[in-house]
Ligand SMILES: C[S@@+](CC[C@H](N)C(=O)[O-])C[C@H]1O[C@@H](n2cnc3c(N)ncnc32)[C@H](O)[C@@H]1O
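Next up is one chain by itself, shown in structure tokens, the form predicted alone.
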């Protein structure tokens, strides 16, 4: 199990567990979803993408196959060991300052819902700091019923039953979310903190970082294209 787990974050199951409770082996098994298609449709061909929170490269590798250049960032060295073909950087996202800019900065995996407001602000400042003039930031939000339509489950293409079991308030607008990831041969669990954000709260948070919504990329408004405020 990973060391130095954050308060309120934990994970169970075989293999390395990251500080926010993610299982490296679980993510290595997951199938690629619609994300690469959504991203590719929203950015210029061949763009240089800064992927913040790349994990094991589940999205990185399909983007590379589509001809994008990717600089992949994650705080977990165990995750980064699984990434192939991209420049990799091991760092907490909120502390990243590479001194360079990118055509596209991507913050997926609902990271914008960090329970700690200062961490969220740091994440969005990192996005703003690294996006080139005329570039864009792609952000993945939680679905607007994420914390209310519970318990719920779905089976993904890898055969994993993803079950969001509960979301309980723990104070200051933050919920403790418990999830189970069940394969035929193994189960992983994760408990993590999430701050639900309405569309208005999300857009206000972008504004604090000098960003604004250019457009929502999906009907459910989970994927967002943001640009620098003029």
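Residue numbers count along the first chain shown, from 1. What you see is a predicted model, and the numbers here were worked out from it, not measured in a lab.
This protein has a second form, the form predicted in complex with the ligand, left out of what is shown; the following refers to that one.
Chemist: Using the partner position in the predicted bound form, report whether residue 36 sits within 4.5 Å of the ligand, counting heavy atoms only.
Modeler: Result no; residue 36 lies far from the ligand in the predicted bound form.
Chemist: Applying a 4.5 Å heavy atom distance criterion, does residue 94 contact the ligand in the predicted bound form?
Modeler: Contact with the ligand, yes.
Chemist: So in the predicted bound form, does residue 127 come within 4.5 Å of the ligand, heavy atom to heavy atom?
Modeler: Judged by the heavy-atom cut-off of 4.5 Å, residue 127 is well away from the ligand in the predicted bound form.
Chemist: Can you tell me if residue 70 lies within 4.5 angstroms of the ligand in the predicted bound form, counting non-hydrogen atoms only?
Modeler: Because no heavy atom of residue 70 falls inside 4.5 Å of the ligand in the predicted bound form, the answer is no.
Chemist: For the three residues 121, 196 and 224, verify that every one has a non-hydrogen atom within 4.5 Å of the ligand in the predicted bound form; reply yes or no.
Modeler: No, because 121, 196 and 224 lack any heavy atom that approaches the ligand to within 4.5 Å in the predicted bound form.
Chemist: Thinking of the ligand in the predicted bound form, which stretch from 46-54, 196-204, 62-70, 169-177 has heavy atoms inside 4.5 Å of it?
Modeler: Only one stretch qualifies here: 46-54.
Chemist: Listed by sequence position, which residues of 20-38 have a non-hydrogen atom within 4.5 angstroms of the ligand in the predicted bound form?
Modeler: Heavy-atom contacts to the ligand in the predicted bound form: 20, 22, 27.
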